[in-house]
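Below you will find one chain, with nothing else, as structure tokens; this is the form predicted on its own, and questions on how it binds or moves follow later.
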Amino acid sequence: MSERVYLLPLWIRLWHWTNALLIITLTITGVSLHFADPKLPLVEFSLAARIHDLAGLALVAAYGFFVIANIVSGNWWQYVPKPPGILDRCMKQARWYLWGIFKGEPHPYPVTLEVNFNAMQALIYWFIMYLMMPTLLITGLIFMFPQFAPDRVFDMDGLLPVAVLHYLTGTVIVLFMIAHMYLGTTGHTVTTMFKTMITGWHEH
């Protein structure tokens, strides 16, 4: 018989789905802008640019809400990898993801109300949410307001390294999103974790 714990408050769920929708929107419009082809547009260029800017500003607001809400609620602690033995726990978790799960082995670190993320998740989520996301947003804002960009960087146009960094961090976040969706299928059933993000109740 499965156990249930109320894991995710409403604000986390609303932020999560808003964040997901905005990132998908930014991915589609970003691809349309980066690989623009007038003969085969994913989204027409000028429309893609307008939507990308609006979705980007909305993502800045959503991220600001995420940071403030995490501080106020104390949820930021979930994103801090807990020593000791982080490396060993990450290796054990990786082994489970790679083949233990396919052999029907139990999860090495079941979710609890006190510890939502295993060591690997905490490391990756911290990297994405507190390093990659701010980098993506800052570089995006510089693109929107290029007067704040340096004129030259290493004898190159000041916007060039900003563009490269924005593209690379965006790619990392898209890859994370794809992996995140796959790992969402590794719960008690294929749909368990998706239901958790809708209802807040976790089953294990």
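These numbers come from a predicted model, not from an experiment. Each residue number is its position in the shown sequence, starting from 1.
The following text describes the form predicted together with a small molecule, which does not appear among the structures shown.
Remark: none of the three candidate residues (V111, H188 and W201) comes within 4.5 Å of the small molecule in the predicted complex, counting heavy atoms only.
The closest heavy atom approach of M144 to the small molecule in the predicted complex falls within 4.5 Å. Remark: R152 does not count among the residues lining the small molecule in the predicted complex, judged by a heavy atom distance of 4.5 Å or less. The shortest heavy atom separation between L33 and the small molecule in the predicted complex is within 4.5 Å.
Within 4.5 Å of some heavy atom of the small molecule in the predicted complex lies at least one heavy atom of L136.
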